[in-house]
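As a starting point, one isolated chain is supplied in structure tokens, in the form predicted alone.
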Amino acid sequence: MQVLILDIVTTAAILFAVSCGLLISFGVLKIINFAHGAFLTIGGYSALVVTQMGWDPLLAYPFSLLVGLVLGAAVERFIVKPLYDRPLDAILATWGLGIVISQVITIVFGRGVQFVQSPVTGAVELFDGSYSVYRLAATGGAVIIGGLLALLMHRTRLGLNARAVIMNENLAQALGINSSSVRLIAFGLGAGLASLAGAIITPLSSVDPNMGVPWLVNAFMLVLVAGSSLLALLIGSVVLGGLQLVISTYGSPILGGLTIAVAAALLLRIRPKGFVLD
């Protein structure tokens, strides 16, 4: 039972880290970035580059974050920015961009499954059993990401401006806030966090050109039930991620893979605000 609780906590933490970037871009830009899965993949391959170069595995995380930030800023400026007044076209553009990124990665790295070096290995004795050290470390990383994002949103001028744009962009502009800059930073940060999350999950699985696709659906549904609230995203990750794990463990892994999407759709039917607290 204790191991199951640890699995729920670590799974929820990983889902939270994977979804944070999408939450940031959705909250500020009001569009769903369907290239989010591709940025997760970019993070995975950034970690692979670190492994192939023989660098310290810990460098995979700042390196993937930097790559995601730079590419995200470029995508916002040249692809997404002209489409803000056409949200459906923006969604289609990010979906197409995800396909292009996947094909470019395939050309450069090939279709084969590859593996990255983990910064920590082994297991630690917990509750009369052993548990993966890396899963615990990844949970700690997710906590740090969530804490830094909360501080950014509630304790900095940038966070204040971003929240103003989220609540009322026209009023924010009238108060002198440069919403264009806020949008650029938000999309770049969202892409950077997605890339960082990709680097975090790769030691737990593998790297391939489509590794981000399975995560995209779950992240998308979690963001829908969270709106623009980090707290709601955390609650959703724990509740829906835990439900997925329980069904996968005691029922069918196939049904478990559908759990978050189905449960989120039912929740939104009953409670349109999802896990957002009134």
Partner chain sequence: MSRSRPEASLRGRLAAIPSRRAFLGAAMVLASAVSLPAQAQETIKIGVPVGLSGANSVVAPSVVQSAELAVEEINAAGGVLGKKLELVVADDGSGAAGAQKAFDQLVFRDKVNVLISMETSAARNAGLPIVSRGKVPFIYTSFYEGRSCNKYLYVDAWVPDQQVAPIVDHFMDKNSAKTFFLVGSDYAFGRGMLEFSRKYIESRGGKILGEEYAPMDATDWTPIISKIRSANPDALITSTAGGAPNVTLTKQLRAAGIDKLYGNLAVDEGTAKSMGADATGIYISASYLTSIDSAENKTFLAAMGKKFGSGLKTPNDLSVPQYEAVYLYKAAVEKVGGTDAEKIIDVLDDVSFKGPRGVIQMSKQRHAPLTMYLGQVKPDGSVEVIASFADVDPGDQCPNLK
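Residue numbers count along the first chain shown, from 1. Given the structure is predicted, the values throughout are model-derived calculations rather than measurements.
The form predicted in complex with the partner chain exists for this protein as well; it is not shown, and the discussion that follows is about that form.
The closest heavy atom approach of G251 to the partner chain in the predicted complex falls within 4.5 Å. In the predicted complex, no heavy atom of R155 sits within 4.5 Å of the partner chain. Though the partner is left out of this view, A137 does not reach within 4.5 Å of the partner chain in the predicted complex, counting heavy atoms only. Among residues of the shown chain, V276 is not one whose heavy atoms approach the partner chain to within 4.5 Å in the predicted complex.
Segments offered: 141 to 149, 124 to 132, 159 to 167, 181 to 189. Contacting the partner chain in the predicted complex at heavy atom distances within 4.5 Å is 124 to 132. Scanning 84 to 122 for heavy atoms within 4.5 Å of the partner chain in the predicted complex gives R111, G112, V113, Q114, F115, G122 in sequence order.
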